[in-house]
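Okay, here we've got a single chain as structure tokens, the form predicted on its own, with questions on binding and movement later.
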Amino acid sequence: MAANPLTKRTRVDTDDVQGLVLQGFGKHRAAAYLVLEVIDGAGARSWLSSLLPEITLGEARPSGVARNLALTSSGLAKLGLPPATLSGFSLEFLEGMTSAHRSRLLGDEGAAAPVRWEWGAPGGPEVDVLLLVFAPDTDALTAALERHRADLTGSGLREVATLDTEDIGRGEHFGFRDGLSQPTMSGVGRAGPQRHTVAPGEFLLGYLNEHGQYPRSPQVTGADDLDFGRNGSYLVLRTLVQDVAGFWRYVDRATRRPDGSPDPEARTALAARMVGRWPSGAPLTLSPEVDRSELAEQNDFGYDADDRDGMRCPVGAHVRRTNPRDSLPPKPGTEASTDVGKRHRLLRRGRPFGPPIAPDAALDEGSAQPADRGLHFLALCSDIARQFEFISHTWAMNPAFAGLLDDADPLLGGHSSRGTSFTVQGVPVRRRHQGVPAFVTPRGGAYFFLPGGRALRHLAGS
């Protein structure tokens, strides 16, 4: 595949980029996110000024606690960013995630409606600041959080919520390997496969994106002329509760034998078809019949090239919807199709929360499962509408995706009273599974901006 000239290595000023954009802090297995409200702008600026030396910037892997900071539009306003600068941010960021239009766009209705959220709900405490804390272990994390909470006393901020995370290994709560198929940002670190290498302007303001354009960026004018957005990234955060028991019980009922007995192999196969990968992470496109753990890291395939009709991986599977690879019009199977997909990629940095439960335990109808478990979905991009919202609305939640008729994402959809459908392509006939309920429900969320180091110093008045 020939290199896209837009993804040639343009030097990224990594020393000014918050570390979360450049790495997932994967060796820091303990993490928590403090959601804060600004009560007094002057006090909050002073707090930010004292925190600046601890903000983790650049590509270097931190050995101790790592900290990053993001703000909503209301948080930026309360810290004194002038209206003229704020107007340079995107409309979706300024409106926020819970506006009526965005709720319809994202499918946040019914049980998923923002009025039901535990944080970020309309009319609730205002969400202004997000402090992300990553530590090598739980003891280090506990000590860091205790100190940060002490620093909040008299700071002009108050804690709205603490979003704890749980180290459950490299998987997610449904029991599947997660974090695969991440894009590589050109101009940072080592080069990756061209198929997955994306221009830096797709994730950072101040650089060319895959359209050959610079993302819209807010400016500070006057004595302190500054491209405030440069080296910053939009951060999408959503707390998603996963109904693990509901998921495994649904696929169990759907795959029972004629005599009513369970069929474990068919159950796992249907679950894998809904996800698009086997529990190990092996893609169905490369191994449609059995899970092959040796393929868990395999990411070099195309849906049009290897599985055009969805006979291996159903066209409505979760991972095929959220990253269609080379199957996009107008020229599926070509480099041009892959380039279209690159304009909608996300850097994903999410982490699970809550105790894990094995599929066999989830199937036990008599077992008590009081604890919430799920994912704090966290994604970075330079254009919320063209990347996160487009993926959510046009690909994931679209019932007519890729020629389907009434199939939303089998994991993320199903919030209507009748649920959704899931179609498994086959010969001589397809198989449609009806009444797929919601297995993932939002319980909080907001749009943030993760500024570069220079912008943070300007905001703090330093």
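Not measured: the values here are computed from a predicted model. Residue numbers here begin at 1 and follow the sequence given.
Another form, the form predicted together with a small molecule, is not on view; read the next lines as being about it.
Contact annotation for the candidate site: E172, I391 and L412 all lie close to the small molecule in the model of the complex (heavy atom within 4.5 Å). Interface membership of R230, defined by any non-hydrogen atom within 4.5 Å of the small molecule in the model of the complex, is ruled out. Of the heavy atoms in V275, some are within 4.5 Å of the small molecule in the model of the complex. Mapping the unseen interface onto this chain, N323 counts among the residues with a heavy atom inside 4.5 Å of the small molecule in the model of the complex. Within 4.5 Å of some heavy atom of the small molecule in the model of the complex lies at least one heavy atom of S181. Residues within 4.5 angstroms of the small molecule in the model of the complex, judged by any non-hydrogen atom, belong to 239 to 247 and to none of the other stretches in 239 to 247, 203 to 211, 145 to 153, 286 to 294.
Residue in contact with the small molecule in the model of the complex (any heavy atom within 4.5 Å), chosen from V188, L105, V315, L375: L375. Proximity to the small molecule in the model of the complex, taken as a non-hydrogen atom within 4.5 angstroms, holds for one residue of I357, A271, L346, L79, which is L346.
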